[in-house]
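In the structure tokens that follow, the same protein chain appears in two forms, which are kept apart as structure 1 and structure 2.
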Structure 1
């Protein structure tokens, strides 16, 4: 336990009862959590009676790895370290039948959700001009993040579009359940429903553990908060770690109130503050402290830098956004002339996805290597989704969503009309469509080619299922892809040889991951593998980390940057309407507080050098418009009276008042 500072040691040594660890940016919270798990084990707690929950696979893997290093590799059992969603999958696999779902439910991917949303909108005769499938899914995800079920969504809908979306939400959810499927958001909602409706299930799950640790507690939404409470209220050995100053996910349901009121929820709770920052220079920490103090609803704490003051951060302004990008890139080019500076040491952080275009143009002109974080995920690629659909069909008879995805891909004579007849018959008879395929006499009138194609598909899946039962999962997957002619389909669809090779390599990566699962998993099975993949499986690592791994300048949003650090950071576009975002300027209150926390997160990503920039004008619909400097700049500089004045001016402009009148009034 050497190397811990006194507050860290206090957190590690407090092993009983509720504990809130307020861990400021760069204060070593992962170290505290892993040392605390190790201390519990050394004090005689069985490792498998400890549950640690976090939000990302990367954080869970890191926690598991560090605990293993501290305790050695010869423990008879291990603590359970997982994401919230992984935990919920395990719980639902054991008990979801209580909610009327099959034990082998399918976790639908984005493509499956879009197909379902499109079908639902068609059923209720809503055109794409009125509500697109992607917009409907965004609405549904937003409602689910706020723990709103279909009936709740209807109650809170205050315009025609939301009302239509709420009606579609009810149909979407019913169709999902009928197909034996759940989406990513359902994993939390259904676990909460299970705990609420089945007390014995909650007690059974809670009895599996004597200690519960929750990382990033400030990011919990209502469902996660209630799941944690349900698991911990018996033994009360709950340790939560987080920082209310870094709560930036309100848009996806996170409630900062959970960490703010922890001591009220658990009256005997101990609170430990970690305030020694080991990441950033003193001058950067000073700037962060000056900013965040303007949030009134927060735990009282002040970061202290363990390093020297270092170089003072710069605030630079430029005539327009084009020159802002050009000058920032010129500064980066000069910095890279220093042999000690690598491109990967530098990050450009921005608030909105529209901002990086100008910076990309300048980086290309300067021939500097860069990576824009947030491209297409591995799991969004067509060939990955097709392969996973085949594997899910092998795993479960009830997976209608996967059947519809691959029923004629590659083509096997089953046209759209044949599919519609098949689904209509399945609906009439109240059985999954695959059951009809397995019993040809129950099939509706279909063309001979369609019947033959379905028979071939059935034979292929049944053979793959037998092979999977014998345990040879990766071999089964390769044989299955060969039998359906998937490589030939890629060659047919993509004339370019390089693209064909890239897409087939992607399929190979998936099969390699299945082989790794067979080799490494304690209980290898197709179901477990598909669960891992659906929640961002460990075998693939973190997409963001993969993209950053090369030696290139990083361009990313402030939300994506949380949890990362860079020697040098450029935080660009510090203007009203961008940071803070225009929606937050219009809403005020807590919305502005969250934007301030977002700015604070950006500042505290920097280790040694920090530059904040703003353009004095920006093009809007082809014409230059004067910008209004962000109120956060004035707060950072200790000029709060100017911050209030410019905030008022920004609200006037965003609410539609003429710019000249607003400027005069300001």
Structure 2
């Protein structure tokens, strides 16, 4: 247990009762959590009685690894380290039937949600000009993260658009449930419902663990907060760690209040504060401290550097965003000439998903290895979504979303009319559509071609089910794809040979992943595999790809950089409208404070070197437009009066919405 300072040691030694570690960035909070898990095990607590919850899959994997290193790898059981979402999936699989959902519920992905939203809007005759499916989903997700059910949403809607969206939300939720599906936000919400409506379920789940530890507690939303409480109430051994200055999920309903309220919720809680930052050089800490004092509502904290001053962070400006990318990449290339520097030591952090494109193309030109975290994921590719839909249909009768996706793809003679008839009959009779596929007698007036097509699909799926039950998962998948003629379909759709190969490779990767699951998982099953996929707990890509990404320059958003650290960080695009984001500029107040915390998170990821960059102009709808330097730059430089001036200018420009007008003009 060496390598802990006295307050860290104190936290690690406090093994019972509620414990809060409230401390700034890089002070070793996550280290306390891992060491504390190790200490609990060493004191005789069975590893599987310990549950640790983190925010991202990456963080969960890292924690699992770090405890493994501390304990040696030969433990009989392992502590459970998971994200909130994967924890909830496990709970719901065991008990969701109490809420009237099938135990084999489907976790819908973004694509499924979009088609459902489109259908709902069509049903209630709302045109795309009034409310786009994407906007509806954003609204629904916003409500769900604030724990508002459809009726609550209706009550808080104070304009026509919200009102419509709330009505659509009710239908969306009903259709989702009828199709045996849940979306990502439901995982939390339904778990909370379950705990509230079924006392015995909560008790049963709570009794599985004697210790609960939560990292990044400042970012818990209402549901997460109540789930944690429900799980810890009995044993009261709850350790939470966090930093109110790094709360960056307000837009998803996280309330920084939860961490500040901890001592009130648990009056006998021990509170530990850490003040020494072990991560960053002194001058980086100085910069971070100078910035964050501009936030009014915060717990005053000390953040002291425990290392030397190091290199001063640089602030660089470039004529435009293309040059910004080119110069940053040129700097990186020069750095990499030093044999002591690895690509993985360097991160480029940005605020919005539009920013990385320029950097990606420069990195490609320079032939430097990079990974873009959280970009277009493997799972958004059409082939992956098709294959998964087939697998989900094999896994569950009730999965209507998947059935509709594959019912005529590849084409098997089941036209739009036939599909509509099938759905209408299913709704009339109140049965899952798949039951009608199984008993086509109940479907009068179906054209013979459609009838034949459905019969073939039925035979294929049933055979696949038998194979899956015998445990031959990857073999089943290959045979299934073969029988439905998926490869021929790809060949038909894409005349270009390269493209065909890439697309077919994607399918192969998925089958490989299924094979890996069969080989490695303690309890391999199709349901398990699909769960892992849905909540992103599975690492895809072949070995070669992984090796490259294992030592590559990291490109990621500030949101996903939380908790991580890199020797060298480039924080790019420090301009009004980007950081702070234009939505926050328009909203002012709290929203700007959250952007400032986001900037603070970015700065405090850097260990030795930090560069902030600003392009002086950026293309907007085909024209270069002058940028306004981010107010945060001036705050960092101690020129608050300039910050205010530029903030005002940004607000004027952004409320004028020049680019919205430009878009309307086309």
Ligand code: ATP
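Positions refer to the first chain, counted from 1. Since this is a predicted model, take the numbers as computed values, not measurements. Heads up, when I say rigid core I mean the largest set of C-alphas that superpose within 1.5 Å between the two forms.
>> Does the form predicted alone correspond to structure 1 or to structure 2?
In response: Number 1 is right.
> Would the C-alpha of residue 608 be classed as shifted by 2 Å or more between structures 1 and 2 after rigid-core alignment?
Replying inline: Yes, the C-alpha moves 2 Å or more.
> Quick one: once the rigid core is lined up, does residue 405 have its C-alpha move by 2 Å or more between structures 1 and 2?
Replying inline: Stays below the 2 Å threshold, so no.
> Honestly, after the rigid core fit, is residue 338 moving at least 2 Å at Cα between structures 1 and 2?
Replying inline: For residue 338, whose C-alpha is compared between structures 1 and 2 after core superposition, the shift is 2 Å or more.
> Relative to the superposed core, what is the Cα shift for residue 319 between structures 1 and 2, in Å?
Replying inline: Reported C-alpha shift between structures 1 and 2: 8.3 Å at residue 319.
> What's the distance in angstrom the Cα of residue 351 travels between structures 1 and 2, core superposed?
Replying inline: Its C-alpha shift, to one decimal, is 3.8 Å.
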